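A single chain comes next, written as structure tokens; it is the form predicted on its own.
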Amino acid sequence: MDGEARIIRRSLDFVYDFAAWLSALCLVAILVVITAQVVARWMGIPFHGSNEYAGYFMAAASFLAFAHTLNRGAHIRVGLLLNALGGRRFWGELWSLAIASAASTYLAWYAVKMVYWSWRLNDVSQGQDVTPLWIAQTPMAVGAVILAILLIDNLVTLLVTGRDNIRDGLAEQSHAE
């Protein structure tokens, strides 16, 4: 791999890892919101919108973690089917990554479009918190875009090198034990 390709690979891996860190922060934020909600109930203080905020953080955590998790081989893949293809595994991987790239790009496009229209129309949540929805929707859209980039990255890498960047989670797990 030449110097420019290494810089691109490191940059993309940094984006995937950074999104995972943001996802972890969202999980901590869920803990903080739920703890604050419990304390507020004990003290008889209303905490409007706590359920909505926990839900926003859950969606953000999920979408921001998708790319990192897939790249680490932690998502459930159809490994048995791909292994059964034997010498035709490349074609199974190619078909899977092509379909996944198209679907994730479609999702990312409409997630970004949803954020834009929520911002443009000044759409707010229906709960008592009256949060502008574009704020709550943005992390989900960012995660969808990062997932689309990851899948396209893996598709291009598969076409160029004959192998994608997705680590074999089961093989890594068995080596760790």
Partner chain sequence: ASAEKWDMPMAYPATNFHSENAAAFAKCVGEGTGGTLEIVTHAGGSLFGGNDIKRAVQTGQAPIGERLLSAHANENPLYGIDSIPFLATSFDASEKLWAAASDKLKTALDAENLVYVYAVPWPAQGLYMKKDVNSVADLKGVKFRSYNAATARIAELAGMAPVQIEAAELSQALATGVVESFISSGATGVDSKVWEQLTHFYDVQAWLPRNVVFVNKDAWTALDDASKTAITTCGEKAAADGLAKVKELSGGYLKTLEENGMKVSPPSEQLAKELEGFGQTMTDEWLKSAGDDGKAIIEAYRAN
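Positions refer to the first chain, counted from 1. A quick note: this is a predicted structure, and the numbers were derived from the prediction, not measured.
One more form of this protein exists, namely the form predicted together with the partner chain; it is left out here, but the text below deals with it.
At the 4.5 Å threshold, heavy atoms of residue 149 stay clear of the partner chain in the predicted bound form, well away from it. Of the heavy atoms in residue 145, none are within 4.5 Å of the partner chain in the predicted bound form. Contacts between 115-133 and the partner chain, taken as any heavy atom within 4.5 Å in the predicted bound form, involve 117, 118, 121, 123, 124, 125, 126, 127, 128, 130.
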